[in-house]
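Here's a solo chain for you in structure tokens, the form predicted on its own.
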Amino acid sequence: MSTTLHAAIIGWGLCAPGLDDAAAFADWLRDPARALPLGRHANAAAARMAPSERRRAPHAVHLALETAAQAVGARDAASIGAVFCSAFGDLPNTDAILGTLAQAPEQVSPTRFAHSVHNAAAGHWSMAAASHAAMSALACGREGIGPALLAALLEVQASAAPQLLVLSDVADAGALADVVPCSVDFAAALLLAPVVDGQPGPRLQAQVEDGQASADAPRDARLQPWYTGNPAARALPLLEICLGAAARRFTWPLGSGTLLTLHCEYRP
């Protein structure tokens, strides 16, 4: 692909252990004396969900929808398309289902099964946002940020409208922890939109190229445990730029010897 894709980040969200939202993360990042919060689980309010749906939905859905709501903010989300990406889906729920299948298959919960599908968060977001816009749910393994970003950027170009990108994975549980380790909850969301000349904020410029991707760790070394402990935390270097960090070039693998090359800068 020789086409260069452009987008602005007009909203973003984060939910992680000890840092419930983007504002809390920004405050923490500005204070170099603070240690990374301890714990494995985030407090995801998911206040945009209807109370009945929030009670039924698992923590993994709460986590994804919390960051989606932060990124959209006060905007009308009904016409905003979305790409949801998770490397492993709802690990605790899957572990519980597999454990029940091994011990008492007839007791598998229909509610658990309904929420085990990979697009559960996208479905709940479409209800919470009263949206009929297109939703995608991707499972691209530990390096899903590249394909997910590419999908969202292509939607922005095709529709000339905002597109929501949500990256989310929950901490592992049970026997699956030995197979697909994920040490902490982490979710991030970016609201991408067509570039408007003169508009301040983060800008993205991306291309698909041949080659091998390089590691793009956060500049702040305190974030390393999250970055290596959860695939969704590959977004942390982008969030640093959303808060004014210096311009940076990123590369993420797409498969078959191709990569997504992304230049990101903050324009005041």
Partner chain sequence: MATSVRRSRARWTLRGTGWTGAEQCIHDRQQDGSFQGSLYFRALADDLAVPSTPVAIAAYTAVSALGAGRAAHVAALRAGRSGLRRNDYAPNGPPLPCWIGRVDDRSLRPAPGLDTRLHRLLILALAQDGFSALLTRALSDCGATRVALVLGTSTANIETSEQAYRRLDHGHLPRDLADARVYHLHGPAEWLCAHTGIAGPAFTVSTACSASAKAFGLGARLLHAGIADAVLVAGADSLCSSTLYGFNALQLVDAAPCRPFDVQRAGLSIGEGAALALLRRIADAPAAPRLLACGESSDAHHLSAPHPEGLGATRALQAALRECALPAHAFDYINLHGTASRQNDAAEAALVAQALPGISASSTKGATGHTLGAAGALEAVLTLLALHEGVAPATVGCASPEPAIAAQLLRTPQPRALRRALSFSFGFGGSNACLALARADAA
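Positions refer to the first chain, counted from 1. Just so it is clear, the structure is predicted and the values come from calculations on it, not from any experiment.
The same protein also exists as the form predicted together with the partner chain; that form is not shown, yet it is the one meant from here on.
Although the partner is absent from the chain shown here, Ala114, Met127 and Val179 each have a heavy atom within 4.5 Å of the partner chain in the predicted bound form. Contact check for Val184: no non-hydrogen atom falls within 4.5 Å of the partner chain in the predicted bound form.
With a 4.5 Å cutoff on heavy atoms, Ala245 does not count as touching the partner chain in the predicted bound form; it lies far away.
Among residues of the shown chain, Gln199 is one whose heavy atoms approach the partner chain to within 4.5 Å in the predicted bound form. When the partner chain is considered in the predicted bound form, Ala24 lies well away from it, no heavy atom lying within 4.5 Å.
Residues of 116-148 placing a heavy atom within 4.5 Å of the partner chain in the predicted bound form, in sequence order: Val117, His118, Asn119, Ala120, Gly123, His124, Ser126, Met127, Ala130, Ser131, His132, Ala133, Ala134, Met135, Ser136, Ala137, Leu138, Ala139, Cys140, Gly141, Pro147.
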